[in-house]
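Below you'll find only one chain, the form predicted alone, shown as structure tokens.
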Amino acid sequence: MGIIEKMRLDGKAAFVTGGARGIGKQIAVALAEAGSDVAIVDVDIEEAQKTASDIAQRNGRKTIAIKTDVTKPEEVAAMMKEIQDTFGKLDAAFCNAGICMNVPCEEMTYEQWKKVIDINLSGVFLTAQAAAKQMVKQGYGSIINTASMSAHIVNVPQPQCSYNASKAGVIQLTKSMAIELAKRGVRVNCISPGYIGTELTLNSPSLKPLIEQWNAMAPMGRMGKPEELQSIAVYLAGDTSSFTTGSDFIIDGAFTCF
């Protein structure tokens, strides 16, 4: 069997949080194209259902949409039960849901700070923890968390201290879980995307004016595309990455190199 065939995900099952749109959607598409069944997990159930239906029609994979607030343990537990009832197992978990608030640190309310941390860090922990429990029982599995290049640098000119802190936490959470689970067959890695041109970013009134400045600073002179994160997700979800755990993959067009 050649390397391309080995990278296939046929017979596997995965979930993607924040999977209805943007980066999460493109990851879900990639996993399905590689052969995996996929659960699209999102608070926006209507958009999640559209994404799941589109993936099923295009790839013939079993897809489901699950409405879940990743900050609520009881909803995460219900999500995992539905995944187990539908797929009978879980091979890969892509803990991706996240938000950003551009608020100066001295003006940020505690509620704003807490919302970002709850979704970006606690939400990743809760969903990764739920996946880990199932994977430990199975004796195998791959957890992939979405961090950010913002865990490595301080983005300018936008003020986003809560986002940067949450994503730095995701990296250390990833490494810590990887060490704890390494001898039990479960791998944990994260990806740290740079500026990615999702529909939300490109159409955001607050971010749109900054894109020209970001591109001027970027070594490649442009933002990344969500599709440019697909191959690393398929690699990490599959068996060819069997010796890869505790790693953070920076995919930023060399933005953090200076």
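Fair warning: this is a prediction, and the values are worked out from it, not measured in the lab. The numbering used is simple: start at 1 and walk along the sequence shown.
The same protein also exists as the form predicted in complex with a small molecule; that form is not shown, yet it is the one meant from here on.
Participant: Can we say K12, L90 and V136 each have a non-hydrogen atom within 4.5 Å of the small molecule in the predicted bound form?
Facilitator: Spot residues vs the small molecule: no contact at all.
Participant: Does G246 make contact with the small molecule in the predicted bound form, using a 4.5 Å heavy atom cut-off?
Facilitator: No.
Participant: Look up in the predicted bound form whether A52 has a non-hydrogen atom within 4.5 angstroms of the small molecule, and give yes or no.
Facilitator: Answer no; every heavy atom of A52 is more than 4.5 Å from the small molecule in the predicted bound form.
Participant: Using heavy atoms and a 4.5 Å limit, would one call V186 a contact residue for the small molecule in the predicted bound form?
Facilitator: Looking in the predicted bound form, residue contacts with the small molecule do not include V186, since no heavy atom lies within 4.5 Å.
Participant: Does T63 reach the small molecule in the predicted bound form, with heavy atoms at most 4.5 Å apart?
Facilitator: T63: no contact with the small molecule in the predicted bound form.
Participant: Scan A168, V103, I99, I117 and let me know which has any heavy atom within 4.5 Å of the small molecule in the predicted bound form.
Facilitator: Checked against the cut-off, the match is I99.
Participant: Which pick from E46, E212, E227, E199 sits with a heavy atom within 4.5 Å of the small molecule in the predicted bound form?
Facilitator: Result of the distance check: E199.
Participant: Counting only non-hydrogen atoms, choose the one of 69 to 77, 136 to 144, 105 to 113, 177 to 185 that falls within 4.5 Å of the small molecule in the predicted bound form.
Facilitator: Stretch 69 to 77 is the one.
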